[in-house]
Every structure is written in C-alpha cells, then in structure tokens.
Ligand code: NAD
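Have a look below at one chain only, the form predicted alone, in structure tokens format.
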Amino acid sequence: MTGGGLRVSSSTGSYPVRIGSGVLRDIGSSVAGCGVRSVAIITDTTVKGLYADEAVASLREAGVSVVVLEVPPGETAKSWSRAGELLQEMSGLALNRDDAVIALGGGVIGDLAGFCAAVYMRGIGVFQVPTTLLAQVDSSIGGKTGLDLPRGKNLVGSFWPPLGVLTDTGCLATLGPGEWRSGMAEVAKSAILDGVPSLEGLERDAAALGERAAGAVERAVVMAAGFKARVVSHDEREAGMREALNYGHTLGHAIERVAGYGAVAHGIAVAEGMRFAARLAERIGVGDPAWSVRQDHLLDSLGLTRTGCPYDAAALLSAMRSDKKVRAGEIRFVLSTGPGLWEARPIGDAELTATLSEWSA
C-alpha cells in the first residue's frame, strides 16, 4: 500500500496504517497497489449511505472490480447467522484467494468482515477502512476478528492481520456524540498507558477535542493508533504486553453484558471500568489516590463523565467470569499505577465483590 503513516509488524509481515483527512479518496490506488483486482466491500446500511459511493468510485477508477455487501448496523450483526449469510454471498460472487474484503465501517464491521475474510477459503486478504473514532484508534489495528455468542462478546474469532489500514479522519465529522465518546475512552486509555508525553498532550488538547478541532483530532488518532501499533507489533497474540490494552475492559464488558448490548455505549462502559480499576488498585495497595483523581479529571474533560454503575455486584461478577480473559478460573484485571505503568493480576472474588458493592452503591 502506498503512502506514509505507521507500520505494524505481524506474523504475515508488516502492514501500513495511513492516517489523515481524505485518505478514503485513495482507496483504489492503495488496494490496486497490493495487486488486488477484485474486492467485496462489507459495510452497514448507515455507512453505505455516507461513504460507499466514494470508495466504489475510487476502486473502479483504479481498475478494481467491486461489489458492496450490506448488513444492518449495530452489535447484533456480529453473529454466526450474519457471518454465514455473508460467506454464502462471497461464495456466490466466486471470490478467490487473490481477491480481498474491505471492511468499511466501525468496530462491528471490522470484526465481522475480518472474520469472514479469515475463514473464507481458509483466508483471503482484508483491508480495514475504519470510519469511527473507536475503530480508528483501536479495533482496526492488530488483526483481531470476532463474533459474539450469548455468553459474551468476541468469544469466536481469530487473529487475521489486514493487508493495510486506511484511516480517514474526515469520516469522524459524521459521528454522533455516543460514538465520539466511545472513541475518546480508547484515546484516554492509550494516553494513560503510553506515558507522560501522550498523557500531557491529551490533557492539553481536551478542550479542542470537545470542539472536534481537526488538528487536535488528528493528533489524538495518531497518538492512540501509534500506541496500539507498537503494542501489537511486540505482542500480536496477547501473550504479554498486549494485555495492557484490556485496561478498563474487564468491568466494561461486564457492564455491557448485564445492561444488554447496546444499552450502554462501549466508551462509557470502558471509562467506568478504568475508574473502577483505579479504585481497585488503591484497595489492594498498589494504587495512588492522586493518580486515580488525575484519570478522573481526564475522563471528565473528554466528556466521559460518570453515569453510575447501578448493577448488581453478583451479576457483574458472573459476567466477568464469562470473559475470555479469565485464566485458570481467575478474573484478571489490568491496573494502572501511574503514567505508562501497569500490571495485570488475578483478583479474588472476595475483593472484587466488596469493591463492586461499594462502587455500585
């Protein structure tokens, strides 16, 4: 793929991440530059109306044959039945191993389209073209794909690195407030884990990000995507360093499940999870109250104000036990102990129940 930006190392070789306003206009030359001549764009109804025409025009201008496969928007699209329908459509198009899938949309589309690419004919190429802030800074990078099961999110999936990631920050202008906050939670997580320069930069840009100023937005995306790229390049399959990316997600995913998927925005749930993890770190003696307060201030300044956690502690504990991050029957939490400092450790049920009860109250 042509163009500048970041590079991610993977088991199949490195791939580029291009970031900037207007990147979508170059999708045709980027795909053709990889030797791909036929693609299926997988997108949802909403994104199709916004960006599919521009993508199709660019691809056809570059001599790439293209068809658009559409699914309904929302988390429910990440299902066995929907993936099966898409795979049947891909088969009907006679796509072969030299062809590719383009995931045009947010994290749901990236996970679903990536999964279909990973299993169709035992694997064909996929390009990630994220259109939400959450997908641009997190899910499009790293090669994770996934489907949901009744017991939890992303319990079915694979690691399938893309051929490239095309990140057009201009697409963020159409995001609603909920989608924006969801992305901001991941941006905040990245800055907290990356260290002092990233954290201080995000703190300075918080007001400008509230206004979605173009320069601040691009800096935030480059910072968070760059952090994710470095982490997954060192730890593609979550054997060590990549576990840091779960910060805030253990409780966050539990909240999403207990509340009912879609009832609580992912970013709001993750922000709640980060605040909870900070207090949990204090409770077990590794956290600093001043650091917890600084994280709270950052989340508040980015519009991620606390809405409360009015859920039963036992229900949350049960949901966390179903999470794929549980190992040997123990619930693991990523705890941040300072800018750029973190550790992952198992937490006993007694400590979790007590902390959850206090937190929910």
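All figures in this text were calculated on a predicted structure; none of them were measured in a lab. Numbers follow the displayed sequence, beginning with 1.
One more form of this protein exists, namely the form predicted together with this ligand; it is left out here, but the text below deals with it.
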- prompt: Within a 4.5 Å heavy atom cut-off, is Phe333 in contact with this ligand in the model of the complex?
  reply: no
task: Consider Asp194 of the chain shown here, and say whether it contacts this ligand in the model of the complex, taking contact as heavy atoms within 4.5 Å.
output: no
- prompt: Any of the heavy atoms of Ser91 lying within 4.5 Å of this ligand in the model of the complex?
  reply: no
message: Please determine whether Asn96 contacts this ligand in the model of the complex, using a 4.5 Å cut-off between heavy atoms.
response: no
task: Would you mind picking out the stretch of 80 to 88, 275 to 283, 149 to 157, 201 to 209 that comes within 4.5 angstroms of this ligand in the model of the complex, counting non-hydrogen atoms?
output: 149 to 157
query: Among Thr46, Thr305, Ser318, Ser65, which has at least one heavy atom within 4.5 Å of this ligand in the model of the complex?
result: Thr46
task: Would you mind picking the one in Val126, Cys171, Cys116, Ile268 that has a heavy atom within 4.5 Å of this ligand in the model of the complex?
output: Cys171
message: Within 4.5 Å of this ligand in the model of the complex, counting any non-hydrogen atom, which residues from 93 to 132 show up?
response: Gly106, Gly107, Val108, Ile109, Asp111, Thr131, Thr132
